[in-house]
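Here you get one chain, nothing else, as structure tokens; it is the form predicted on its own.
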């Protein structure tokens, strides 16, 4: 099919999808297709808008009215096509927090907390809920610590005892609900197989595993108000100009504001007024800083099926042996999940993100998984449905176990 006709067919399909999921009562959003010939052009665009997917020289993104006007003003020569659609108005009724009827298998904040409590009750010897702080709206930012009972006892007796650690964190961005589901599937798989699977039993006996399924619960629950997806990305910070939200994955302090983020509060890649201006990023930073045994960090995002590693803020890599480790680990995991492993900045420059901070400030080997689907066209993009949960877990359980195993020394990846 001719590319022009294919594009028209895709936009028509999107129009049908959005008309059946929207009440046409809220803000306008735009599904945009831009052309960029190289990483420098993509980086120029990333200074203003989020880039959701890259295929060859094409960029596909969902952007707000504000970001769309920025494209029209600064990058009209890059804009190939766009489709406008409406997002349902969000209410402030806490009781309205529920996913659309087809996606109720996904976990709300309350359901996530309930599930974590049930795991702790069922596996009290090897699991313990912890809080890293509270969100802007006062929600507990909870995680679950998985390790052998003997380790917990030893750590209480000697907090300085080194037991290798890994942290897995999900839902920096509100609309990336599949990340929470994968985090919870990891929890279930680890706990339910302890004492049954030799590999998992050994890992839990020798590692500290911290899993935080929902770092941005305020934004995550706002994204499903009225049981309709809002395409919300940021947290729910009331900004000084009347807009809302800071992009938490542009708010970390290492090389903050040096490219690939915006200083406009209206932008979906707004970096915040200062580094670590948000309670969510402060809480995560403080948790990492107070947990020196962590050697590996996995942050879950959607979508595009990528394995990303530093740097994000500049085109060059981290260099030396560490770069070899990142590349080798990425290639090894890609053989299992069929994702594309690469340096983050090979896509475009983005500063203030989790992995650059974790590695640049703390020396932690940090990876970002951009989960399924591969495509935002017909694959479902940020909202791939319940059918995506199990296949995404199956594709990514081996990579997760591999990272847990290497938490004692990532350099073993080169042996």
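Everything numeric in this text was worked out from a predicted model, so none of it was measured. Positions refer to the first chain, counted from 1.
Same protein, other form: the form predicted together with N~2~-sulfamoyl-L-arginine, not shown, and the subject of what follows.
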| property | result |
| --- | --- |
| Site check 249, 308 and 370: each within 4.5 Å of N~2~-sulfamoyl-L-arginine in the model of the complex by heavy atom | yes |
| Candidate from 295, 225, 285, 173 lying within 4.5 Å of N~2~-sulfamoyl-L-arginine in the model of the complex - any heavy atom | 173 |
| Candidate from 51, 63, 34, 366 lying within 4.5 Å of N~2~-sulfamoyl-L-arginine in the model of the complex - any heavy atom | 51 |
| Among 385 to 393, 344 to 352, 34 to 42, 357 to 365, the region lying within 4.5 Å of N~2~-sulfamoyl-L-arginine in the model of the complex by heavy atom distance | 344 to 352 |
| Residue 301 within 4.5 Å of N~2~-sulfamoyl-L-arginine in the model of the complex, heavy atoms | yes |
| Contact label in the model of the complex: residue 234 to N~2~-sulfamoyl-L-arginine, heavy atom within 4.5 Å | no |
| Partner proximity in the model of the complex: residue 312 to N~2~-sulfamoyl-L-arginine, non-hydrogen atom cutoff 4.5 Å | yes |
